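Single chain ahead, written as structure tokens, the form predicted on its own.
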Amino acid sequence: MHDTMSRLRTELIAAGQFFHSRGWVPATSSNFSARLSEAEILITSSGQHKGRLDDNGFLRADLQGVSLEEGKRPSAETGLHTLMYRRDPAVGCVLHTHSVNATVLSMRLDEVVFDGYEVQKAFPGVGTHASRLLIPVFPNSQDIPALAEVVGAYLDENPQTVGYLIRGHGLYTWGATVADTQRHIEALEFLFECVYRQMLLDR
């Protein structure tokens, strides 16, 4: 467990530095997690700047989002992470970011549709640009358990979903590993920028 935790911390720290260099995790926004075991996750503790994370910026939590480390408080949005780990044992990482493009699109659209972009092939099960990906936008809420229920119900009906936006808030996506999930973030951010620029051109 110790070796796994050390490796995952290193991978999440590197992801935070990369996202910070791209402007996707401003201030102390965003939160990252990875699965430690069937019953535990590693997640960023509340108030951490994700571009300056160190080994002390994480805590262990159970799959109900309860901290397993005295004196450390998980993010208020931990329930959106644990939802994914409970739903699918293949999920090994959940990442949440706050880019400008994702946030602006979430304020303008009820869903973001990608159609015909080569980068869509970055996601599992997508083998051609001739595909259509839909990213739903959920209303923001401080009631995380209620929001998690809404997200879970949507995913039950749309299991092919690769990520979602919360209005005025940011992006959530997941994958089997930290590297897979980081790839999903990078691909989605590229696609969000394409849609944003296309909207400007269409004005």
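Residue numbers here begin at 1 and follow the sequence given. The model shown is predicted, which means the values in this text are computed figures rather than measured ones.
Another form exists, predicted together with a further copy of the same chain; not displayed. Remarks below refer to it.
Using a 4.5 Å heavy atom cutoff, 100, 127 and 202 all lie near a further copy of the same chain in the predicted bound form. Contact annotation for residue 26: at least one heavy atom lies within 4.5 Å of a further copy of the same chain in the predicted bound form. Using a 4.5 angstroms threshold between heavy atoms, residue 9 stays clear of a further copy of the same chain in the predicted bound form.
When a further copy of the same chain is considered in the predicted bound form, residue 122 lines it closely, a heavy atom lying within 4.5 Å. Shown alone here, residue 198 lies within 4.5 Å of a further copy of the same chain in the predicted bound form, counting heavy atoms only. Residues of just one listed stretch (139 to 147, 56 to 64, 38 to 46, 154 to 162) have heavy atoms within 4.5 Å of a further copy of the same chain in the predicted bound form: 139 to 147. Residues are counted as partner-facing when one of their heavy atoms sits within 4.5 Å of a further copy of the same chain in the predicted bound form; in 175 to 201 these are 182, 183, 186, 187, 190, 193, 194, 196, 197, 198, 199, 200, 201, in sequence order.
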